[in-house]
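Before any questions on binding or motion, here is one chain by itself as structure tokens, the form predicted alone.
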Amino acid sequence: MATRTIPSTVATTFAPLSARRLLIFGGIALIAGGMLFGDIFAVFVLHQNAGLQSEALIAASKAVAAQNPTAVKDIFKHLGGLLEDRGTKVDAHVHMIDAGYLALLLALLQPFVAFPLARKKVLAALFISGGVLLPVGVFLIHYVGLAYSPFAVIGWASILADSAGALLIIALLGEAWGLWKYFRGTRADVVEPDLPHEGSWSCRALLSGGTLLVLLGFLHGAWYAGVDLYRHETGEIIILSNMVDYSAANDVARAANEVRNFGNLAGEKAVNIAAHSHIIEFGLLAMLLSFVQPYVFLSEEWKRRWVKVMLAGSIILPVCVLLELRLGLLAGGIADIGGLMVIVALIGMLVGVLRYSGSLDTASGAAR
């Protein structure tokens, strides 16, 4: 990749190993890692888990028809395990990405945190550590359970997740304290000037594209809430009521049909919610990344390529998620490719951040 001359304003505001660099690098890495995990989860777990849930509901209907309460209890216990398996993976995916968003936001606020550089680096390290450990702990909850735990209802994985959450809270409280000191007039410790402003095509494209994505997400959410949301909620109640009634009447065939209807309705809700949330999240990500483009040490040509790949993937993924009910696995596969495009673009920008920080080691001397 071709390189470019580093502006002097950037070199003075982005010192090696600074809190800002840690937060930008860690934030992008957390988002890329969370998205990669989400892609793997969608391909290898999500659809299989949904099929197992349907099988469990059909088995429960048969057990109700056979008036076997013990079997019903066991089946719903198994169903609870399936839901926990899915829920912990979704939570790990979301927590990792959200921690990355927050890290990028904190990086933008560093010039207004009235602490010495060393203390800001400690807070940044605490935050990134918590952002990594929290999703790991959440992911392990389903597999570790209560094994060897000294507590009756909290396992070691939950303890890890809660401890990581405490690290995030401590870091955020510290950042808030620094901001409070700054706006109270204590600015002697502030050595980082404001972020440099870059009017490049990449910055403008990310900011305008991100704004458009957020707007489209809001419009889709408003449409879904006004047209389908209440119909879906009412349909769930009707289907579940019919399922119980048919099972009690020993009409297993019609109960199984209601289970399929419930699965179809749940899928319709899921794709609309997923498309709505993903397009807004990608929009926010694009806007945040627009502010850190001066720290991506790549040629403008390569930065434009990564921006185009990211924005294209940000559109492809939610649109194909919406089309999954009509086109099936074909749309799901294309959606996964869209997610992979965003991940590849993030990794490309991450490489640019690494190259940039390395150049400053020689340009600015040893890190403070």
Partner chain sequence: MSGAGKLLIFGGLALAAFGMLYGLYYAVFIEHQTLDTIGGSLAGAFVHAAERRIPEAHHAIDAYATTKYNYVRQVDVHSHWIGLGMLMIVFGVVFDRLAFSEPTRLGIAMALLVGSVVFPMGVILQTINHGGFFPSALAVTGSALVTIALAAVTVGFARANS
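Residue numbers count along the first chain shown, from 1. All values reported here derive from a predicted model rather than from experimental measurement. Here the rigid core means the biggest group of C-alpha atoms that line up within 1.5 Å when the two forms are laid on top of each other.
In what follows, reference is made to the form predicted together with the partner chain, a form of this protein that is not presented.
H142, D228 and I347: each with a heavy atom within 4.5 Å of the partner chain in the predicted bound form?
-> No, the whole trio is out of contact, none within 4.5 Å by any heavy atom.
Could you spot which one of T211, N261, S129, S149 gets a heavy atom to within 4.5 Å of the partner chain in the predicted bound form?
-> None of the others qualify; the residue that does is T211.
Quick one: of H95, K120, H278, K89, which gets a non-hydrogen atom within 4.5 angstroms of the partner chain in the predicted bound form?
-> It is H95.
Since the chain is shown here on its own, which stretch among 296-304, 313-321, 61-69, 30-38 would lie within 4.5 Å of the partner chain in the predicted bound form, judged by heavy atoms?
-> Result for this chain: 61-69.
Going by a heavy atom distance of 4.5 Å, is K269 a contact of the partner chain in the predicted bound form?
-> Because a heavy atom of K269 falls inside 4.5 Å of the partner chain in the predicted bound form, the answer is yes.
At the 4.5 Å heavy atom threshold, is M243 in contact with the partner chain in the predicted bound form?
-> Yes.
The partner chain contact in the predicted bound form: S247, any heavy atom under 4.5 Å = Output for S247 is yes: heavy atoms within 4.5 Å of the partner chain.
Hey, in the predicted bound form, is L284 touching the partner chain, heavy atoms inside 4.5 Å?
-> Within the cut-off, so yes.
Could you list the residues in 201-220 that come within 4.5 Å of the partner chain in the predicted bound form, counting only heavy atoms and keeping sequence order?
-> Contacting residues: R204, L207, S208, T211, L212, V214, L215, F218, L219.
Core-aligned CA displacement of A249 at least 2 Å between the shown form and the other one | No, shifts by less than 2 Å.
Verify the C-alpha shift of L240 between the shown form and the other one: is it 2 Å or more after superposing the core?
-> After core superposition, the displacement of the L240 C-alpha between the shown form and the other one stays below 2 Å, so no.
Hey, does G267 budge by 2 Å or more at the Cα between the shown form and the other one once the core is superposed?
-> No, the C-alpha moves less than 2 Å.
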